[in-house]
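Shown below, as structure tokens, is a lone chain in the form predicted alone; questions about how it binds or moves come after it.
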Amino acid sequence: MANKLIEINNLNKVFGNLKVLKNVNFDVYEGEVVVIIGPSGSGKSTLLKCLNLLQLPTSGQISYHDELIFNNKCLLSHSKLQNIRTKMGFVFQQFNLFNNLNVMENLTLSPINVLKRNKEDAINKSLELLKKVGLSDKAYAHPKNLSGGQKQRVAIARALAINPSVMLFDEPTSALDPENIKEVLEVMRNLALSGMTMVIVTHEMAFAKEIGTRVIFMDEGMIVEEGTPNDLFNHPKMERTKKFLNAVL
């Protein structure tokens, strides 16, 4: 049995009068590729951002490696919170690269300033990662000179540069054209094959079916159904799941 990496219990998130997450419960185990699907506005991205406390939940519990890190409030000091976030690489929809820095500077910023790595080691690690995502020739390019797909692959390399134990992807292809989507999904596919633990929010159903070890369907802030890709896509139990899949497949 794989080790439990993240545990979520009765998680709620409220923005004003809007309840975005409603008593969400789920776990992530080492080596899993958990794919979260559902209609826009169902709480998928909010849930992902709550995992590493980029957004603080309103109530509930979050544990990481059996350490309770949120229990109706953040239990961590700033430095401990920063350390937890280095364990969870985050890839955003809109890349979130620093446009005033070149690719290498984007990749080495956190390893040098947060993890206190030697600059030469950080550069060598970044060069390895750029090779892995097919961008060895873009190490000293600026983001403004990159395509959307290249920017997202740089963002993936940057997230990997902190040696995370889990990668969180928030609709990483939603801002890309079809050609760039293919490039980014190929990088993610290779990561999954390497055994990286991943939690992915996506609208790419074929990719979810292919790459996921478990698929979660969310609607209106709740987990409606979850199971293996075969179970959820081919034998959904809930009417809401069936209706959603009929609309998108």
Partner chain sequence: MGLDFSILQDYIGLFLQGLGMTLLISLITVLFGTIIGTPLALIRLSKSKVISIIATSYIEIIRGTPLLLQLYIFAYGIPLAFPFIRFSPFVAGIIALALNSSAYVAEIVRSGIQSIDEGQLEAAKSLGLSYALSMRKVIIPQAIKNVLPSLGNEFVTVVKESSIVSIVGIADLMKVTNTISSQKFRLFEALLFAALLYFIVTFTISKLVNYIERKLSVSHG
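Keep in mind that what you see is a predicted model, and the values were worked out from it rather than measured. Residue numbers count along the first chain shown, from 1.
What follows is about the form predicted in complex with the partner chain, which we do not show.
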(request) Kindly confirm or deny that K131, Q150 and A192 each have some heavy atom within 4.5 angstroms of the partner chain in the predicted complex. (result) no
(request) Using a 4.5 Å heavy atom cut-off, indicate which stretch of 122-130, 69-77, 171-179, 140-148 touches the partner chain in the predicted complex. (result) 140-148
(request) Would you check, heavy atoms only and a 4.5 Å threshold, whether N118 touches the partner chain in the predicted complex? (result) no
(request) Would you check, heavy atoms only and a 4.5 Å threshold, whether N52 touches the partner chain in the predicted complex? (result) yes
(request) State yes or no: in the predicted complex, is some non-hydrogen atom of M88 no more than 4.5 angstroms from a non-hydrogen atom of the partner chain? (result) yes
(message) When the contact criterion is heavy atoms within 4.5 Å, does M104 count as touching the partner chain in the predicted complex?
(response) no
(message) For a quick check, can you give me the residues of 74-99 that have a heavy atom within 4.5 Å of the partner chain in the predicted complex?
(response) Q82, R85, T86, M88, F90, F92, N96, L97, F98, N99
